[in-house]
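Below, in structure tokens: the form predicted on its own, a single chain.
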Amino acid sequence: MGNRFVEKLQGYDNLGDDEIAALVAATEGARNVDARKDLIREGDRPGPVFVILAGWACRYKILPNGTRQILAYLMPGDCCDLHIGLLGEMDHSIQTITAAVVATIDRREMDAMMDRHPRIAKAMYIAQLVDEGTMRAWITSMGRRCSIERVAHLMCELYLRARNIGITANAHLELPLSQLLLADSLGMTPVHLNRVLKELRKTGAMTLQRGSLTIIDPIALVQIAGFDENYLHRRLRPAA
């Protein structure tokens, strides 16, 4: 398996041998992290840039009443918080979902690498813009989509993101997200989510069982979700 971080950034700009070597060197000290381990917590002082090379992670907040809101899912190749070092403290936490391989790049090293390699800087900025677009899509779902549309939209997004990085190449995706996690990302209770998943299964569009997502009728699923992939900006890749 190659370096997922390098592969992702190559999709955003035509990186040369020097840029690739710099990214590989920056992520050489990756470490294994167990599932459900916080990489950094809300209130902590921001430190290095975290790069997920394998496994899944998430951003989350804990509300005063103890409930949790998942803010984003991180897949192999994703990195966290390019410029958050400018702030005094973290405003959310980042936790592994599965066992993961995580590289940490010192803030000064990242800044120096981006100064030396403008194409790395451009690719990193594009990646951050895509993350922001995804966040806007989530806000739209929470505010304006009904329950079945919201679930269908998230399934479309996760499937396309996974396909884009080579985790899946067919209609089946191993999705290591419990119904509790999904409910916390969709603003639902697990009971409500379970009812919506049954409703989606009845439409013949998809099934989600025991961490396994199967897209049965992609056209129907896209129509239910009202899904438009433009916020993932995959069209940038050939032209970047």
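The numbering used is simple: start at 1 and walk along the sequence shown. This is a predicted model, so every value here is computed, not measured.
Not on display, but discussed next: the form predicted together with the DNA.
Peer 1: Quick one: from K61, H172, R195, R41, grab the residue that has a heavy atom within 4.5 Å of the DNA in the predicted complex.
Peer 2: By the 4.5 Å criterion, the partner-contacting residue is R195.
Peer 1: Let me know the one among K37, R31, R45, R201 whose heavy atoms come within 4.5 Å of the DNA in the predicted complex, would you?
Peer 2: Checking each option against the DNA in the predicted complex, the one that comes within 4.5 Å is R201.
Peer 1: In the predicted complex, is there a heavy atom of the DNA that lies within 4.5 Å of any heavy atom of Q179, even though the partner is absent here?
Peer 2: Q179: contacts the DNA in the predicted complex.
Peer 1: Just checking whether C146 would be counted as a contact of the DNA in the predicted complex - the rule being heavy atoms within 4.5 angstroms.
Peer 2: Answer yes; at least one heavy atom of C146 falls within 4.5 Å of the DNA in the predicted complex.
Peer 1: With a cut-off of 4.5 Å between heavy atoms, is M188 one of the residues that contacts the DNA in the predicted complex?
Peer 2: Heavy-atom contact with the DNA at 4.5 Å: present for M188.
Peer 1: Given a 4.5 Å cut-off on heavy atoms, tell me which of 124-132, 163-171, 146-154, 74-82 is the interface stretch with the DNA in the predicted complex.
Peer 2: In short, 146-154.
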